[in-house]
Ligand code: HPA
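Single chain ahead, written as structure tokens, the form predicted alone.
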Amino acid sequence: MATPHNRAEKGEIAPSVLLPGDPLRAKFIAENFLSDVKQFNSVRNMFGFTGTYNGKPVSVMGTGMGCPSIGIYTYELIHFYDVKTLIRIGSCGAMTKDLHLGDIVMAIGASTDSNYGAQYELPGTFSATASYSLLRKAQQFAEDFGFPYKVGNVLSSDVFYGDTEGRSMKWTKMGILAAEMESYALYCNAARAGVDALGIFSVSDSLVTGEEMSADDRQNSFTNMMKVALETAV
């Protein structure tokens, strides 16, 4: 059954879905990693594709930027299309000097400055965490491939262009590895529905050194992260 944001019919989306923010990255993954690909969505140009990887079904779909956007798409995937495994793949900004461009970050937890969790009316602050089973698999695949990676807490921020000097350093003092914009909402949706979720990122820029990748590199060169995510998904 189609939703306001997804024209797929029931059964056209695999139980495991990779979730890049950029819909063109979803297209890149479908064209370069999947076999027998069929496109299931183009509403708002948020492309979604289903194919096979190592003979097993997997889907990939863009989510857009920020907690509200990924919150909508993952809610629909979970509740309307019975998706059980959701793996966010995206870029992140390093917040420690120990991370370098192209390194992989796996988010065991997501801190946030978003108000996304307020909808649950909890009597406290919810700690949004990954599914350990997925994290353990992803870590093993990264080691098998020999890819450099770190596991830790990330910041899912509503703010890309901040107006407060030194703001990021306050999070760094709490051990935050990197900044991105979506994982907190993904982890909340997954926890509420009892399904599995994980965020895997490639470092595209550094808030410490000022280094950064080009837009084309962000779209097309995160193949290490993609390989780990695909192996974990199936």
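None of the values given here were measured: they were computed from a predicted structure. When you see a residue number, it is the position in the sequence shown, counting from 1.
Not on display, but discussed next: the form predicted in complex with hypoxanthine (HPA).
**Student:** Residue-level question: is Leu186 within 4.5 Å of hypoxanthine (HPA) in the predicted bound form, judged on heavy atoms?
**Tutor:** Leu186 lies outside the contact set for hypoxanthine (HPA).
**Student:** Is Ala30 close to hypoxanthine (HPA) in the predicted bound form, meaning a heavy atom pair under 4.5 Å apart or at it?
**Tutor:** No.
**Student:** Is Asp196 close enough to hypoxanthine (HPA) in the predicted bound form to count, meaning some heavy atom within 4.5 Å?
**Tutor:** Residue-level check for Asp196: no, no contact with hypoxanthine (HPA).
**Student:** With the cut-off set at 4.5 Å between non-hydrogen atoms, does Gly93 touch hypoxanthine (HPA) in the predicted bound form?
**Tutor:** Because a heavy atom of Gly93 falls inside 4.5 Å of hypoxanthine (HPA) in the predicted bound form, the answer is yes.
**Student:** Considering hypoxanthine (HPA) in the predicted bound form, find the one stretch among 53-61, 174-182, 66-74, 35-43 with heavy atoms no farther than 4.5 Å from it.
**Tutor:** That would be stretch 174-182.
**Student:** Does anything in 137-172 come within 4.5 Å of hypoxanthine (HPA) in the predicted bound form by heavy atoms, and if so which residues, in order?
**Tutor:** The stretch touches the partner through Phe160 alone.
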